[in-house]
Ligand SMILES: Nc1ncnc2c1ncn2[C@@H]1O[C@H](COP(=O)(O)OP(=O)(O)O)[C@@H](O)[C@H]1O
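First comes one chain, alone, set out as structure tokens in the form predicted on its own.
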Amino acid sequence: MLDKTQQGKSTVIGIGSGKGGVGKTTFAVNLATMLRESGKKVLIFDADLGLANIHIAFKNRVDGTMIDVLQGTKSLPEIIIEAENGVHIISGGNGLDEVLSINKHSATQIVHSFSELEGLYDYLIVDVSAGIDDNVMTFMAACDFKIVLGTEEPSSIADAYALIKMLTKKEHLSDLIYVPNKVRNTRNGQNLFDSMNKIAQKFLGASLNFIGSISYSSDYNQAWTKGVPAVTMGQSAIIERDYEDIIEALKQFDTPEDSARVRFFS
């Protein structure tokens, strides 16, 4: 088991998207890897329950899932696996029955279960399933940083807005971060953020937070094929720069305290 971190408190980063295929899992894998390479203890919870696949990005086998924990057949520490680069992973499970067995109450139980790991990691990255169901709302609201990832495809913009609307109106969250992904360059990323922010301000009365964007690179496809994070391939300085900028921006970002809300590690 890991020793307690010096800070004693984990920073929790939730990553959601309105639709699948926008690169959410790739973003989580590379963000975790960059944090790990900087000396941080990092845990990824693949909260895409029933369709969890983040272990594939690291070419790891799963020995147990969060469903086993809910059913009482395994403890949370027992299902943690370690990737070759030192990032730790918890799988949400893979299978239709597992999707159907999860409701808002179960999602809340899952959030509470992480108190057992309090102080063992510097960062917990929660890779939330795509969409706007109750599980997504519960997991995102329980995180310190709430990142909505999207691309410039019209369907992605519409679905990202739908998620932002639900988090704003249903969960009453005012600290959402929108990260443009697969953009041509940083200027294109800024423009996409500005467009989404204007929509949110006009129709939701809410402003989004900008911490950077992620440029498109063919390295991502190669990385999935090889089973390694793209930032470890050493082929694209742009990829590393983008993630470094986002990590630095997160360090400067203040998250409001809300003791009344269910949160990871509380």
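Only a predicted model underlies this, so the values are computations on that prediction, with no experimental measurement involved. Sequential numbering from 1, following the sequence displayed.
The form predicted in complex with the named molecule is left out here; the points below concern that form.
Participant: Would you mind picking the one in Thr232, Asn60, Ser217, Ser207 that has a heavy atom within 4.5 Å of the named molecule in the model of the complex?
Facilitator: For this set of options, the contacting one is Ser217.
Participant: Counting any heavy atom within 4.5 Å as contact, can you tell me which stretch out of 66 to 74, 208 to 216, 35 to 43, 193 to 201 lines the named molecule in the model of the complex?
Facilitator: It is 208 to 216 that comes within 4.5 Å of the partner.
Participant: For the three residues Gly119, Tyr123 and Arg263, which mark the spot I'm curious about, does each lie within 4.5 Å of the named molecule in the model of the complex through at least one heavy atom?
Facilitator: Checked in the model of the complex: no contact with the named molecule for any of the three.
Participant: Quick one: is Val22 in contact with the named molecule in the model of the complex, heavy atoms, 4.5 Å cut-off?
Facilitator: Contact check for Val22: yes, within 4.5 Å of the named molecule in the model of the complex.
Participant: Could you confirm whether Lys182 comes within 4.5 Å of the named molecule in the model of the complex, counting heavy atoms only?
Facilitator: Yes - in the model of the complex, heavy atoms of Lys182 and the named molecule come within 4.5 Å of each other.
Participant: May I ask you to list the residues of 218 to 234 that have any heavy atom within 4.5 angstroms of the named molecule in the model of the complex, in sequence order?
Facilitator: Tyr220, Asn221, Trp224, in sequence order.
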